[in-house]
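Okay, here we've got a single chain as structure tokens, the form predicted on its own, with questions on binding and movement later.
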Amino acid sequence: MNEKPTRRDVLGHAVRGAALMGMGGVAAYVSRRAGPEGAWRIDVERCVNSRHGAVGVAVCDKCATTCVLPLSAVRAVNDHAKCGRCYICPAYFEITSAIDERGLPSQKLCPRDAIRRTPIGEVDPRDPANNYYEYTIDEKLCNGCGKCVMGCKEPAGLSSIRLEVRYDLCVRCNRCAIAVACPDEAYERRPVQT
């Protein structure tokens, strides 16, 4: 049963091998593009929007306004493990706005309406304030303006929202416009691990 492989068998193996090598190359390229090594990141300890102790200062919107992309590669991310799921979230509501008929602030903080507020469980109509809410950020709407990050900082919030570079969107400019414009030098390139 030691038959010689036919020409068709050899060509079939060669084509499958070339296809596997091609897919491996594409996978390596995609993982390298999507991975954090050698990519830009935001140092939350330096960023004025998220830095502890930086209260009463203006929100920095450089991540939203200086990226070379039409919609910045920087997005807000809510760390749900830290989130208090508050009835009145200072990252969702403009807490200094007028109170509406439900007893909630009448305006939202996000200018692009990128944060969704969803009740957890059923809301008791007799006591609606006695409920928790999940706050999720729609990345397609978020432009990284930082207003929700600033609102979520202590003492009003729990600092569960932070700005983050979405590596799948970032074009990895050698001279990043956000890094150049950042007043706190919080936007930095993470070194490549060797």
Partner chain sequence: MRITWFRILAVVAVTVPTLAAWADDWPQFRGPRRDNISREAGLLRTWPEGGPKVLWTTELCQGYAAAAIHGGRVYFEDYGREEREWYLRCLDLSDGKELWRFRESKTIRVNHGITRTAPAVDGRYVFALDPKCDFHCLDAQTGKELWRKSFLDDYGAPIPPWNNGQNPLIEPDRVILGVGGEAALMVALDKATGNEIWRTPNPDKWPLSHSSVMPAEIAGVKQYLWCTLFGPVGVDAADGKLLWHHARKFNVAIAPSPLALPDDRVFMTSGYDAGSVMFRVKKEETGFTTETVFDWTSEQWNSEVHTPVIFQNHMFAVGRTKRGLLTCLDFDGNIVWTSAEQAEFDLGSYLLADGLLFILEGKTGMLRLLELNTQEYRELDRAQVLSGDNVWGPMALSDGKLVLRDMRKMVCISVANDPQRAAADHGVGRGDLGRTSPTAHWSEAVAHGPGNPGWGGRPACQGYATCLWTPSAADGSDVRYRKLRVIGGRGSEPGQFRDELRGLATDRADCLYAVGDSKLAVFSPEGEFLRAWPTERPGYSVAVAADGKVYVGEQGQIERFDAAGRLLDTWKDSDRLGLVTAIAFVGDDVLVADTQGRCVRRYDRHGHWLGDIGKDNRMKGFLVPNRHLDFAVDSRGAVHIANPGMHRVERYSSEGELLSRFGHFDGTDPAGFPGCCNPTNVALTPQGNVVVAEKAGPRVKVYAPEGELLAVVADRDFDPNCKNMDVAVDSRGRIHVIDTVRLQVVVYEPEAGGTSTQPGTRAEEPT
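Positions refer to the first chain, counted from 1. It should be emphasised that the depicted structure is a prediction, and the values quoted were computed from it without experimental measurement.
Below, we turn to the form predicted in complex with its partner chain, even though it does not appear here.
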Cys86, heavy atom within 4.5 angstroms of its partner chain in the predicted bound form: yes
Touches its partner chain in the predicted bound form: Glu154 (any heavy atom, 4.5 Å): yes
Its partner chain contact in the predicted bound form: Ile95, any heavy atom under 4.5 Å: yes
4.5 Å heavy atom contact, Val55 to its partner chain in the predicted bound form: yes
Residues of 129-159 having any heavy atom within 4.5 Å of its partner chain in the predicted bound form, listed in sequence order: Ala129, Asn130, Asn131, Tyr132, Glu154, Pro155, Ala156, Leu158
